[in-house]
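This document opens with one chain alone, in structure tokens, the form predicted on its own.
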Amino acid sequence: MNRLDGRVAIITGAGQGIGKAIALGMAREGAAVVIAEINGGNAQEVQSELQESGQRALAVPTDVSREESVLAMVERCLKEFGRIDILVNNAGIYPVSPVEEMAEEEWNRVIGTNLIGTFLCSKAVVPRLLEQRWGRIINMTSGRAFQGAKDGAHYAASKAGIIGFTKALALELALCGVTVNAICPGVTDTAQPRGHRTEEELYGMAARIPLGRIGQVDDLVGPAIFLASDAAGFVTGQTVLVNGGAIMW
């Protein structure tokens, strides 16, 4: 039996990278998957890939920083699948600017997508999770929350905020059968770090990681599926670091 049979999962930012890998992994475990992605073309491609494999999927273009877009996405999910069980708040952006040059608009855009988006999506699904007295919310944070990010103060602040939000929401929902946890990836081979580093710099970071390599998107799939499953029913308010030992907490 698949670990997520009969479940419905919303994954934000699932058009590429870590979000796509988690969407594919949860679908393999039996979940119906909503690809909530600002890039409608990418979302449609993931939907087609899943449906061609006989899995249930729905692509919904979504801007997680706008409440009306989030609410519309949740309604589409309910209309298509009739329920919501799992939310993975993965959507995030990471432009690079030193603080002295950072425009307030850029700060607000990063906080709006990464942190406010996590809040808005969680707020939108919580009533359904409480109604069925079962649910899983998984928030993607970053090692930058612990170590800071040169030229990425907005990103580090947003990801640290996600950890605090995760703990607060876990406390609010603990007696209602709903768990809330965070996954904290280390450096992972996706488009995001490639936008800031050369290939040589990216793979050179492996020398500073105890397990001797940088992360791959599939490294995040197992932890996400575990936290979404019945096996993690007694795990809440936690930040699971998946980084090859680069940060030990």
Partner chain sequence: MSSADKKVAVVSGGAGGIGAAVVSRLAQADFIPIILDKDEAAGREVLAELGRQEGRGLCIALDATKKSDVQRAFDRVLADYRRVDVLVNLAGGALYAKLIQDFALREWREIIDVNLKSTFLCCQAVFPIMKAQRQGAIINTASNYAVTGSASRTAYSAAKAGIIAFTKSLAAELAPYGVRANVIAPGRTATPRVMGNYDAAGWAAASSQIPMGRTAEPAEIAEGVAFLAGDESLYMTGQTLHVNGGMVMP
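Positions refer to the first chain, counted from 1. Model, not experiment: these values are computed from the prediction.
Not pictured, yet referred to below: the form predicted together with the partner chain.
Participant: State yes or no: in the predicted complex, is some non-hydrogen atom of Val99 no more than 4.5 angstroms from a non-hydrogen atom of the partner chain?
Facilitator: No, no contact at 4.5 Å.
Participant: With a cut-off of 4.5 Å between heavy atoms, is Ile111 one of the residues that contacts the partner chain in the predicted complex?
Facilitator: Heavy-atom contact with the partner chain at 4.5 Å: absent for Ile111.
Participant: With a cut-off of 4.5 Å between heavy atoms, is Gly245 one of the residues that contacts the partner chain in the predicted complex?
Facilitator: Yes, Gly245 lies within 4.5 Å of the partner chain in the predicted complex.
Participant: Should Ala103 be classed as touching the partner chain in the predicted complex when contacts are defined as heavy atoms within 4.5 Å?
Facilitator: No, Ala103 is distant from the partner.
Participant: So, Ala145, Tyr203 and Ala207: all three within 4.5 Å of the partner chain in the predicted complex by heavy atoms, or not?
Facilitator: Per the other structure, none of Ala145, Tyr203 and Ala207 touch the partner chain.
Participant: Counting only heavy atoms and a 4.5 Å cutoff, which of 123-131, 78-86, 175-183, 147-155 contacts the partner chain in the predicted complex?
Facilitator: This holds for exactly one stretch, 175-183.
Participant: Taking the partner chain in the predicted complex, which residues of 199-214 have any heavy atom within 4.5 Å of it?
Facilitator: Contacts from 199-214: Ile209, Pro210, Leu211, Arg213, Ile214.
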